[in-house]
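Given next, in structure tokens, is a single chain: the form predicted on its own.
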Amino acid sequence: MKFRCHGCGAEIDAGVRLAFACPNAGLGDDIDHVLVADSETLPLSIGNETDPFLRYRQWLSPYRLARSSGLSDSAWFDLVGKLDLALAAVDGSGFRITPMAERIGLAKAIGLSGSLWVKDETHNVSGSHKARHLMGVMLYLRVLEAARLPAGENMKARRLTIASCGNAALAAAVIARAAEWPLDVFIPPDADEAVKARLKELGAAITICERRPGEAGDPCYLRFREAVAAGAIPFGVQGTDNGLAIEGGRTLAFEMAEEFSRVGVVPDALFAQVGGGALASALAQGLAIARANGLLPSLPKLFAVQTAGCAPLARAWERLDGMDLDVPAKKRSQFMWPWETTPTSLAHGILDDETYDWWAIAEGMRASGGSTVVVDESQVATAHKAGRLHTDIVASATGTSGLAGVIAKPEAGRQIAVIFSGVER
């Protein structure tokens, strides 16, 4: 099972070396190093199961690694099943296909003349899509153990680590607890008290990260990088540090594509809230795979939504201006760098100083004819209020911020889709 860096072209065998960061990352060469799984084995079939990690198993590299390493299909079911039962014991439920439905009342409330489809991720494991990303990573680690592959040697002696202000940290803590693996979490001082309390319940070790004078970038992410350099396993959702995290999130796109195919709808546009970029990156890649496998006749235009208080992807997109994407892949710092001021927004969960997975999103926007959308705070607040008043989905302002993009750009199409992810806590 091969992974390739989209920036420098380096290849690794995921059974021999951990398929997280590119081996050439950290050389200071200004290349955008991100590992991507080889997908040359497509087309593949879809199962009948309601657990996405069983239903789309043939589309996932950990499954392909398992089979190529001598593990049977039933062995994969056993790995997924045991984690699913443990997740239910820890968090109340395991992974299941989440609902998507047309929301007529919400569309009218925000003045849309066409249809609005909302994918509800608030009832997913830990209350958001983040757990999808990290379940893919954990299954990879489990395959390394079960198949006794070289990449897994002495792995259980290493702690997991993540940088997050909320939903990703909770997702990591739930999955780590289910897997009985110790986890270190780096969070900002203003993290929600309910999040801190739940992290402690789950047994995560918390470090509060203050901004240091003269230091550029998210202090939580910087401390996370230090922990990884000291030997911790990157259990976060930044693709630059763990390319496998993006792959688990693709299951969300597969589900959406299947449902659109079932109801006979061709979406014109998909609006996705963007912080670090894992969600939009996974959607772009997942929808491209779904289209290649015949689930969609065309790609929906991907619109990446950021707030005026922190919009590094929108800044990078403007600088691209039709440029060949091979150029920024070799000159990352000319397009993506930390936001210069302290980010602020009601949509607190998308205030990453950098969009770590920016290149894949730019590729997805370019391929689909989409773009970035920068929203102001009034649009963020309006989207949150409308989502709460006109649906039964209890999503946070971060979770509804994709809808703020629709409010800002209602002319994007007749059939528009958004994702509500991040339950109000």
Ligand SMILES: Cc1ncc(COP(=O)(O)O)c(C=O)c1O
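Nothing here was measured: the structure is a model prediction, and the numbers come from that model. Numbers for residues come from their place in the sequence shown, where the first is 1.
Missing here is the form predicted in complex with this ligand; even so, the following discussion is about that form.
Residue heavy atoms within 4.5 Å of this ligand in the model of the complex occur in exactly one stretch of 91 to 99, 139 to 147, 315 to 323, 276 to 284, and that stretch is 276 to 284. Using a 4.5 angstroms limit between non-hydrogen atoms, Asn167 touches this ligand in the model of the complex. At the 4.5 Å threshold, heavy atoms of His129 reach this ligand in the model of the complex. Using a 4.5 Å cutoff between non-hydrogen atoms, Ser61 does not count as a contact of this ligand in the model of the complex. Ile350 belongs to the set of residues with a heavy atom inside 4.5 Å of this ligand in the model of the complex. Along 386 to 425, these residues reach a heavy atom to within 4.5 Å of this ligand in the model of the complex: Thr398, Gly399, Ser421, Gly422.
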